[in-house]
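First come two forms of one protein chain, each written alone as structure tokens, so that there is a structure 1 and a structure 2.
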Structure 1
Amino acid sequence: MILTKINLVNFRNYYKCNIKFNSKINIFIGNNAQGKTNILESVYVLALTKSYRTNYDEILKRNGSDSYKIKGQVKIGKYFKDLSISVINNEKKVFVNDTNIKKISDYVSNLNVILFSPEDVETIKGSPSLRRDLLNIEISQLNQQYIKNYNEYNKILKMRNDYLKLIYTNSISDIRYLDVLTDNLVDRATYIYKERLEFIKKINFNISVIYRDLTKTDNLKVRYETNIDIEDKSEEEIKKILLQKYQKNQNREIIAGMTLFGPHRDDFHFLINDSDIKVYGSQGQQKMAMISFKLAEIPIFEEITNTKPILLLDDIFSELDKTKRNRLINYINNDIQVIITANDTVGINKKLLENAKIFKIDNGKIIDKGDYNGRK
């Protein structure tokens, strides 16, 4: 799919802004704090109805304004679709071709984006919950059923933890209700495991080739870590193993007052030659690994949605040397629409920029709309 244009009103530091995108590479350049990332963020919000930088719509409204609006046109094959999102006072509304879509979940599949933001590198270095969040967000974009199961899992998990505490403090001897909760939890857990393993398997199918293309060095792979032995097991087997685990550890869980096993305790790692780059990787390796992860998602999205997603790459060149910058541009200079932000395009091979539209941003204004295709 292609985002042909976008129209912002009172979004972040933009009063009014119209942008016509190129169907291939678009690069927004400018100094720091001018509004480059805000453009990417607006595309992300149009796609997913919420930002990745804040949970508060208030912050997205231009200072002093009580509303914002983002409109965009998406092209899939020869069909066009108009999308819009607005927040007026506290009311959020989304439209597809002038039809108000009541349920956000019915809206979000209209525009598929894959975002790389510099903060994503923290996901490699930070706590396991960041990596679980990443998996959850990415799989949810592709699978409504996953969101449903995941939300139910969390609800049951909370009830189960509460009940475990109750058994301990009130010495309740009837554990039949615990068994009911455990059964329900195991059902959702099995589904979550299955989807996560499938996703990781698909990532691994692509990621090492991408990483090698970009760095000309070692193999990168991703490994899912869990304290349940679920590898290469069928759904029925996973269910049985989980149930046994809970039965065997019942006393431990009662004393701990919480559920000690299941997808909420899992993690995944990025490995180069079998060592975890969280511990052994350089900053540059970690950044390249995360970019490779995002690029490895493209075929997964394409397989499920039948169209390529739009790549949003924020502040992509910093920390990468000239050779890696060029390899990256070369890699994405393909049959996919990309929106990039960068301070400048210094060191990028001019030939690679022939398909690019280069916009200059200054203080919430586009001072060069790149209409001459960067070849003035």
Structure 2
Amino acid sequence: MILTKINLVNFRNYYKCNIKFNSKINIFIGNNAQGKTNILESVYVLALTKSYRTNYDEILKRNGSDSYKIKGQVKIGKYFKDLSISVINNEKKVFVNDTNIKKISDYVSNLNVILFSPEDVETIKGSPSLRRDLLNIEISQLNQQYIKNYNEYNKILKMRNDYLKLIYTNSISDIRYLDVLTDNLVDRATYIYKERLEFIKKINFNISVIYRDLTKTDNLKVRYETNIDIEDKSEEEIKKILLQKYQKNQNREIIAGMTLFGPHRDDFHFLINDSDIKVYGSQGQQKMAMISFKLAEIPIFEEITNTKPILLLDDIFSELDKTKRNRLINYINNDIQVIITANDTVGINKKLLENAKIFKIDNGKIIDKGDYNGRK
């Protein structure tokens, strides 16, 4: 999968911007606050219809504008696909080959991206919701059915929570409607559990070797945690276990006014030699763990989609020492498209630069500097 070009209109600090990408390495250099990260963000938004930096589309619009638009062309094998996303007066629309796609869940997966930014370390250090979001985003790119089930799960979850509160406040004794909601919730929950568990298993198949290659130390793995036992269980067994959990704790949930069990309470942890690096790991270990996690996704995308995703690296080289930079280059300097931001090319391995197209950004203006030798 290659992103051949992208066009921005009124996105962040860009009034109009047209970029043609190299099929291998693309490096955007410039001082801070000039718009480098905005380019990465635009690719991410084109892929997933939302930003990784904000939940508000309003912020993505250029100052004074009531809209923004992103268009891109993706090459998959011999075929090309035109994608676009626009927000006009807070109405979002997405298109594939000029066809309006009504559901976001039907659009996501047309462009697959894996992003690493310095803020990703907060995924390890922060709340479980951040780690669940990471799982949801990555699996959704691989499986449209997952995002549909996840969206349905959240709708039913809200209805069930509202009804639990209603039962308690109005002393309702008829719980047949609650049973219907529970049955529907369990169906979606089971699907989500199985997909997350399978994804984590695939991550663990790759991540330990990658982490050792990058750090030459320790043994990293990811542990998926649920509040019911789903390991090595069939779908029917998971449904039965979850239903029993709800039945046993029905009064407790009514008093709490919320659903206390299910994938909305999931978490996962990064372990080095069985110690949670959220608690015991250094900043450097956490950083390399997240990089390893993202790199471990590449073969998963390739296995499931038969094409490699696009790797987005925001200011990653300033975060690593020379040795780790060179080890990382061995993973990215091959048959995968990479878009990188950096303040300059100092410290970037010459081997990487030789396969790169370099862009200079100054206050929202982009200068195509061509390849390492200045060829356009």
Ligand SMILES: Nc1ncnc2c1ncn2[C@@H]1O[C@H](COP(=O)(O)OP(=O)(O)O)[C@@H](O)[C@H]1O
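One-based numbering along structure 1's sequence throughout. On a predicted model such as this, the values are computed, not experimentally measured, just so you know. Here the rigid core means the biggest group of C-alpha atoms that line up within 1.5 Å when the two forms are laid on top of each other.
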**Message:** Pick the form predicted together with the named molecule out of these two and give me its number.
**Reply:** 1
**Asked** Is Q250 one of the residues whose C-alpha moves 2 Å or more between structure 1 and structure 2 after the core fit?
**Response** no
**Asked** Comparing between structure 1 and structure 2 on the rigid core, is the C-alpha shift at S109 2 Å or larger?
**Response** yes
**Request:** Examine D218 after superposing the rigid core and state whether its CA is displaced by 2 Å or more between structure 1 and structure 2.
**Result:** no
**Message:** Give the rigid core superposed Cα shift of S42 between structure 1 and structure 2, in Å, rounded to one decimal.
**Reply:** 3.1
**Item:** Core-aligned CA shift between structure 1 and structure 2 for N90 (Å)
**Value:** 6.1
